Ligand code: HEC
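Below you will find one chain, with nothing else, as structure tokens; this is the form predicted alone, and questions on how it binds or moves follow later.
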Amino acid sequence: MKKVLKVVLLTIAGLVVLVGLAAAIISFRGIPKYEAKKVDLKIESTPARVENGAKLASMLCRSCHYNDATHRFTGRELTEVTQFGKIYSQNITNHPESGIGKWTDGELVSFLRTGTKPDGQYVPPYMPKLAHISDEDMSSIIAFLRSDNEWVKANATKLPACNPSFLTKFLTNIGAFKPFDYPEKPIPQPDTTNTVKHGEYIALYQLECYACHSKDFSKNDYLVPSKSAGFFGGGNKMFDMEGKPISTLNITVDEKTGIGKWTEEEFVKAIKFGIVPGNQPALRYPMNPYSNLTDKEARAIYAYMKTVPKIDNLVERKAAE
């Protein structure tokens, strides 16, 4: 009996040592690097593309990259996703050293599609990847980033390097978080005459609303969004500007715990202006109102949300202190 106990204890000790060694290796190694996809591409800049790109950037880029001190896209600390570590968004102004001034159009598109920078550095899901956005919308974003808009004018501000958490390092090393494949085929614009499909494109591929409004970042399926755990059912833990935890809302059309009783007009007011029906607290950071959406686009999202399976998941909301 003593022999058996000794073997068991030695086995457990061995496993503990192996786990500790693996953890040390992961912690030391950090986030793996990958070979960036080479894309030979030159985007034609037109006034229409710059205008559309500015609209998209206001919804996709501004909340993370805008710095109140510089009034430009020089980056900031992302206090709302502290589960990923001490994370800073990148300076994406046209500065040649601190920003993306030296990046080619192809390098920008490759990075935005896959998540891998030209030097091989991979950026985990705290930065959304535009893997499914249309080629035309992508071209608009690039045209905007190259424009003389105040947000992206060259600025030398340089923030500290990110210090990812062990969880982030672990998930990137086991392949749970990894670069997306570059699209093999052109991605067309959505059919805007099909209201539901148009709304699906905006909610899933343009704004990626499900990424925050599902159960957990680590359980999202960014290639097939509908397979994400708790798809649009809310509960994903994020943080406000002061570092206080705040869970995302259930925005499925469940009548008791979601938005099933909201009218189309109430949904439009919520998504565009942060005004929630009844006496509930207004929407607040990290959810930013998408005031640049047209009413048609907001209604299209509502039409799509009505097709998403209901989830019974009550997320308590508290008034801001």
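Just count from 1 along the sequence shown to find any residue number. This is a predicted model, so every value here is computed, not measured. Throughout, rigid core stands for the largest set of C-alpha atoms superposing within 1.5 Å between the two forms.
Just so you know, the form predicted together with ligand HEC exists too; it's not on screen, but the next bit is about it.
- Contact check at 4.5 Å (heavy atoms) against ligand HEC in the model of the complex: none of T168, V253 and A300 pass.
- When contacts are judged by a 4.5 Å heavy atom cut-off, S89 counts as touching ligand HEC in the model of the complex.
- Ligand HEC is not drawn, but in the model of the complex it has a heavy atom within 4.5 Å of P286.
- In the model of the complex, at least one heavy atom of H65 sits within 4.5 Å of a heavy atom of ligand HEC.
- P128 belongs to the set of residues with a heavy atom inside 4.5 Å of ligand HEC in the model of the complex.
- Here the chain stands by itself, but in the model of the complex one stretch of 220-228, 108-116, 181-189, 168-176, 108-116, has heavy atoms within 4.5 Å of ligand HEC.
- Checking S140, N94, T74, T248 for any heavy atom within 4.5 Å of ligand HEC in the model of the complex turns up a single hit: T248.
- Counting a residue when any of its non-hydrogen atoms is within 4.5 Å of ligand HEC in the model of the complex, the hits in 186-219 run L207, E208, C209, C212, H213.
- The two forms, fitted on the rigid core, differ between this form and the one not shown by 2 Å or more at the CA of N163.
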